[in-house]
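Quick heads-up: it's one chain on its own, the form predicted on its own, in structure tokens.
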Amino acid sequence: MNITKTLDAKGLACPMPIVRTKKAIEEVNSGDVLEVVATDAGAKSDLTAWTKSSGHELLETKEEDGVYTFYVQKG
């Protein structure tokens, strides 16, 4: 997977990880992959719902030691 940009949203509470993700996805081109790193457990359901409603694709989600990593491909 070729990551174009990484967004560090660790320590941010809902809804800030999604707010920052929306802004960051605007800065990459269609087809690019945005890596989002967050510590808010709510980000998992939020990002899943947001990618479906916004036309982007959530390629993969990982969780390790309370840190969630999401890979979002811009639609």
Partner chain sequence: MSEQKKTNIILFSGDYDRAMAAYIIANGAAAYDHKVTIFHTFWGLNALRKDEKLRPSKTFMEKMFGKMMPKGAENLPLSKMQYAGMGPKMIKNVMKKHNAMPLDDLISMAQEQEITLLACTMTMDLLGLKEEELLDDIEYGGVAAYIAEGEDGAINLFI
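Nothing here was measured: the structure is a model prediction, and the numbers come from that model. Positions refer to the first chain, counted from 1.
Keep in mind that the form predicted together with its partner chain is not shown, yet the notes after this line are about it.
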Please check if Val19 has a heavy atom lying within 4.5 Å of any heavy atom of its partner chain in the predicted complex.
yes
Taking the shortest heavy atom distance, is Gly66 within 4.5 Å of its partner chain in the predicted complex?
no
Indicate whether Ala41 is a 4.5 Å heavy atom neighbour of its partner chain in the predicted complex.
no
Would Lys62 count as a contact of its partner chain in the predicted complex, using a 4.5 angstroms cut-off between non-hydrogen atoms?
no
